[in-house]
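Here you get one chain, nothing else, as structure tokens; it is the form predicted on its own.
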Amino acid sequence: MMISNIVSKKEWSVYELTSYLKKKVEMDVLLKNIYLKGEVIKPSVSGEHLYFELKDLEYDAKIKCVFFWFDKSVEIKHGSKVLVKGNVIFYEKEGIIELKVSEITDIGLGELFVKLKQLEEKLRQEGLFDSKYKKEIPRYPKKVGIVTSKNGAAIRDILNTIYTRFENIQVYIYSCSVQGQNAPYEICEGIEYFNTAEPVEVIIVGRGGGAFEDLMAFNSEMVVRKIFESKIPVISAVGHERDYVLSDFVADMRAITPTNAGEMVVSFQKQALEKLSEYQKRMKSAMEKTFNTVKEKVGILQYKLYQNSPANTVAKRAQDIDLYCHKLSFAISRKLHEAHRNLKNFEKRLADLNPESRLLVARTNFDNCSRRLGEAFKKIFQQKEFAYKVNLEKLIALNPLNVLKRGYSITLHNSKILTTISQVSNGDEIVTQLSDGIIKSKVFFKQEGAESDV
């Protein structure tokens, strides 16, 4: 009891637990090289490895499998029934168990897949998939019913697609299960609801992607027959493009995705709006072109009317008259100017040839010449008078008599002026000229030297 309490109170870490489980799995020889039979679910190849799930349809049990270095020449499809050999391994980090496959043997299609094919063939034989029963999808529906889960991604994709492209449409949603045991019943109720309680113009039945078994509700015979019985056109929108279910075959139209279903119900509205917009643009362009053409024609007619109107003719004539008046006025002015100029020339020439005028001019010239001559004579006289006075003063200054008056004298010998004592000898007679007379004398003594005593 005490030991049990101690063990139960041990606190495990996650790593301790996963490590413990890993060791237990690795030590269990029954989990080595086991053979396991089941149906392949979600096969996918990544590089050289094959990943898939092996399912037991009877007990709805499954286990993850991995086949490293898988031989790609072996084709493994979804729903294939296979016998695999491998070891059970436990991944301690993820806490999951996986079968590491070393051999894989295809033992035929899975039972579920076979049943599905048998049902498809049965319904095909009954004509449920015949194209003659296909109803036309309304091009411009105003009311659309959607049978799907309100919590799934499909409803959001459909609504976003519809309201993004066209807002003026009423959408009714019948929320139901899209997988599980009740899903077929609820899907049928949704289709019935829109056929009776809330009539719409088109019904979208579908869901988002999922595993093969997740889509089985849309492979149920109940749903297929309900879609076939619907008086309202049905669009099947299940999973992705690669997913095919029986509802796709019986529906009046198949959408590759829920988003594509939304595009289908509003595609014509969108195209109609685009065409309407295009028509509006073309109509506007045509009207503008017509308006411009008419406007241009009206302009031309108005111009012609204006050109040919009496008022314009009168205006043009008046303009011509103004122009001619202007030219005439200019010509007259030019002629008058020339006549005036000629008259002036004639007057000048006549004045030049008038004797009185010529006499007056001659007289004026004479007076001018007389005045200029008198002034010249006066100027010359003044100049001569000034020169005379200057010369007279020079002559007065140079007159020898005036020198003699200051006490000087001139001595002559034989009528020659003595300038040196050597020109006379003792006994020679000399004449001395004074300012007021002469003195004759005889030389009886001479002595050289200017400062000698006499």
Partner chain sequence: MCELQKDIKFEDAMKRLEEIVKSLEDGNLSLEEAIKLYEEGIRLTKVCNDILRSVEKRVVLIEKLNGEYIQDDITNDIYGGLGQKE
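Residue numbers count along the first chain shown, from 1. Not measured: the values here are computed from a predicted model.
One more form of this protein exists, namely the form predicted in complex with the partner chain; it is left out here, but the text below deals with it.
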Notebook entry, point to check: Are all three of Asn87, Phe129 and Arg225 close to the partner chain in the predicted bound form, meaning a heavy atom of each within 4.5 Å?
Noted result: no
Checklist line | in the predicted bound form, the residue from Lys150, Lys316, Lys135, His240 that sits within 4.5 Å of the partner chain by heavy atoms | finding: Lys150
Check: Which residue, Met287, Ala331, Ala376, Leu359, has a heavy atom that falls within 4.5 Å of the partner chain in the predicted bound form?
Finding: Met287
Note to self: Quick check for you: of 140-148, 359-367, 306-314, 87-95, which stretch puts a non-hydrogen atom within 4.5 Å of the partner chain in the predicted bound form?
What the structure shows: 140-148
Notebook entry, point to check: Looking in the predicted bound form, any heavy atom of Tyr279 within 4.5 Å of the partner chain?
Noted result: yes
Check: With the cut-off set at 4.5 Å between non-hydrogen atoms, does Gln269 touch the partner chain in the predicted bound form?
Finding: yes
Notebook entry, point to check: Is there a heavy atom of Asn182 lying 4.5 Å or less from a heavy atom of the partner chain in the predicted bound form?
Noted result: no
Margin query: Is Phe113 near the partner chain? Define near as a heavy atom within 4.5 Å, in the predicted bound form.
Written below: no
Checklist line | in the predicted bound form: members of 151-168 within 4.5 Å of the partner chain, any heavy atom | finding: Asn151, Gly152, Ala153, Ile155, Arg156, Leu159, Asn160, Tyr163, Phe166, Glu167, Asn168
